[in-house]
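Below you'll find only one chain, the form predicted on its own, shown as structure tokens.
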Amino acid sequence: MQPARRLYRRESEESRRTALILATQELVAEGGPEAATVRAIAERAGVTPGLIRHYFQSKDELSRAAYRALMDGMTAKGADAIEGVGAGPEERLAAFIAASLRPPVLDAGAVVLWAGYMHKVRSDPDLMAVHEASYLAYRDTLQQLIETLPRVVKPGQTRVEAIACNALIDGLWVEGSLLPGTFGPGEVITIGLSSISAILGLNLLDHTAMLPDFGKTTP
């Protein structure tokens, strides 16, 4: 019975840690980083303020963990999408891009939360490090997918392409999340795939047959 008790305790601690991160994210999204006080986080998570110290050394550490969870979660959604399609490099890239431009990644709350952290990034070196690591993780994944495409490229070309594609996805993510009524069904994904196709010199729209619900939502 002893191993079972240890498993239950580990799961309980992970659940509480997740609850604290979610509470922090909600408060930052509602009122900015200043709204995420220790007392407010504890109240939102249903724990005592002192318990936060058990999981995080400081409120700043918890704040950075909440931001990391947001950013890494969006990259993970793209990685999960790759697993659900075939082995073709164009299809895998299309799946990764589409997952970045549809719910749950395409979400107004996520953009508001992201924006809430932006003004602190320049003044908090540790938060900047989290931001940089998350950005590079997504961009590197994008670059790796681009490098598998059947093309002849020049040295350094795929890095530049990944930077350009990442910037395009970021812009569509912000506008598609905040102004969903401005776009038709599937239009954000279609624009993203078409524009990135132009950057890379191919047609990713020819490789969308296996993308979840793509045919149902694209005009």
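The model shown is predicted, which means the values in this text are computed figures rather than measured ones. One rule holds for the numbers: they count along the sequence shown, beginning at 1. Whichever C-alpha set is largest while still superposing within 1.5 Å between the two forms counts as the rigid core.
Keep in mind that the form predicted in complex with a further copy of the same chain is not shown, yet the notes after this line are about it.
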query	finding
179, 153, 51, 38 - the one with a heavy atom within 4.5 Å of a further copy of the same chain in the predicted complex	179
Every residue of 132, 164 and 171 near a further copy of the same chain in the predicted complex, heavy atom within 4.5 Å	yes
Contact label in the predicted complex: residue 195 to a further copy of the same chain, heavy atom within 4.5 Å	yes
Contact of residue 137 with a further copy of the same chain in the predicted complex (heavy atom, 4.5 Å)	no
Residue 77: touches a further copy of the same chain in the predicted complex, heavy atom cutoff 4.5 angstroms	no
is_contact(residue 34, a further copy of the same chain) in the predicted complex, heavy atom dist at most 4.5 Å	yes
Interface residues of 113 to 128 toward a further copy of the same chain, as seen in the predicted complex [heavy atoms, 4.5 Å]	114, 115, 118, 119, 120, 122, 128
Flag for residue 160, CA shift 2 Å or larger between this form and the one not shown after aligning core	no
Large Cα shift (2 Å or above) at residue 187 between this form and the one not shown, core-fitted	no
In the predicted complex, whether the C-alpha atoms of residue 126 and residue 35 sit closer or farther than here (change of 3 Å or more)	farther
